[in-house]
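In structure tokens, the next block holds one chain alone, the form predicted on its own.
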């Protein structure tokens, strides 16, 4: 074998070994929610050699079902912190060695230490993003954004309001409208009365960002509940006339995290993926080119322009004071909320 042939043979062995080490990384998340952005997939695959395989869910209940029925399939899953206890109770996720995640130290301390994500000294979820479920408006319908959640109840908007067809979100909306805690509803009759008065104004319910955005694009709605990150994407990515409002009655706050399912066949790749997802490099491009909720990483948020929404508005103390963060609810509470919501919808028909 001559020298050139030997070199080529050596290169072939290296490429074969590299290819053998590369693995698929199966990620379960909402569709269009950061992890499946083409720029992110490309950057991660170039950094690691692993191939990202995305799968999606349309509700937290569907996410849990996919984890239950496909053990060992997924390597990374996005879990709302309020659902982590249920995932832990069913042994669907495993502890994470945060020492392997270089950017972990940049996370907001309170979020990183959340009791919803840490149990018995072990970390099961790495905080990724947080945001609000609040009011978003069609700019064509308003000269200035409303300051009260009661705007949705006004006669002027009959047939021009939308909310997500989700029992928990609906009850929490009613709690805010009646001046109650979303995590400790004392007067359910007041919530039911408030929602029954809102239903005549509902044009339709939405279940995905695409639903909401299409209604605004065709000028079918004036306002409705929406996720803060989704409102940002509607404006940044799709150039839609959408603005977010944080009403005086408050807003529902949520914290999303990344977890590693039990049975993952690519834990090392999962750790690298989570590290990239909380990096300033990923977050800055996501927020500025697509629109994003607020990163749990203080360093990532600091990488945004000072006048950006996620620094100037979402970081404002007066906004933070009005946010009620979701806490876990029991299966019985969820069932009770569903019965209330279904009975209200039937009564409105």
Partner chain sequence: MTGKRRDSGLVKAMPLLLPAYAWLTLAIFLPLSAMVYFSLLTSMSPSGQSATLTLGNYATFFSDPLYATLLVRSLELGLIVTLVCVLIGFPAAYVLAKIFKGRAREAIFLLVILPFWSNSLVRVFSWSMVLREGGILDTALNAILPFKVTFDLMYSYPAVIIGLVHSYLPYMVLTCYLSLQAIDDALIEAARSLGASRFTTLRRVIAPLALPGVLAGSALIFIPVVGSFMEPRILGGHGGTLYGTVIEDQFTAVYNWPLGAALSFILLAVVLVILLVSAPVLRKAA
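Residue numbers count along the first chain shown, from 1. Since the model is a prediction, treat every value here as computed from it, not as a measurement.
Absent from the display: the form predicted together with the partner chain. The rest refers to it.
*Asks:* Looking in the model of the complex, any heavy atom of residue 100 within 4.5 Å of the partner chain?
*Replies:* Because no heavy atom of residue 100 falls inside 4.5 Å of the partner chain in the model of the complex, the answer is no.
*Asks:* Just to confirm, residue 240 within 4.5 Å of the partner chain in the model of the complex by heavy atoms?
*Replies:* No - in the model of the complex, heavy atoms of residue 240 and the partner chain never come within 4.5 Å of each other.
*Asks:* Please determine whether residue 329 contacts the partner chain in the model of the complex, using a 4.5 Å cut-off between heavy atoms.
*Replies:* Because no heavy atom of residue 329 falls inside 4.5 Å of the partner chain in the model of the complex, the answer is no.
*Asks:* When the contact criterion is heavy atoms within 4.5 Å, does residue 165 count as touching the partner chain in the model of the complex?
*Replies:* Although the partner chain is absent here, residue 165 would touch it in the model of the complex, with heavy atoms inside 4.5 Å.
*Asks:* Indicate whether the candidate residues 31, 175 and 181 are all in contact with the partner chain in the model of the complex, with contact defined as any heavy atom within 4.5 Å.
*Replies:* Judged in the model of the complex, none of 31, 175 and 181 sits within 4.5 Å of the partner chain.
*Asks:* Would you mind picking out the stretch of 110 to 118, 198 to 206, 226 to 234, 245 to 253 that comes within 4.5 angstroms of the partner chain in the model of the complex, counting non-hydrogen atoms?
*Replies:* Only one stretch qualifies here: 198 to 206.
*Asks:* By the heavy atom within 4.5 Å rule, which residue out of 187, 90, 156, 139 makes contact with the partner chain in the model of the complex?
*Replies:* The option sitting close enough to the partner is 90.
*Asks:* So the partner chain isn't shown here. In the model of the complex, which residue out of 215, 262, 82, 267 has a non-hydrogen atom within 4.5 Å of it?
*Replies:* Here the answer is residue option 215.
*Asks:* Where, within 58 to 74, is there a heavy atom within 4.5 Å of the partner chain in the model of the complex? Residue list please.
*Replies:* Heavy-atom contacts within 4.5 Å come from 61, 65, 68.
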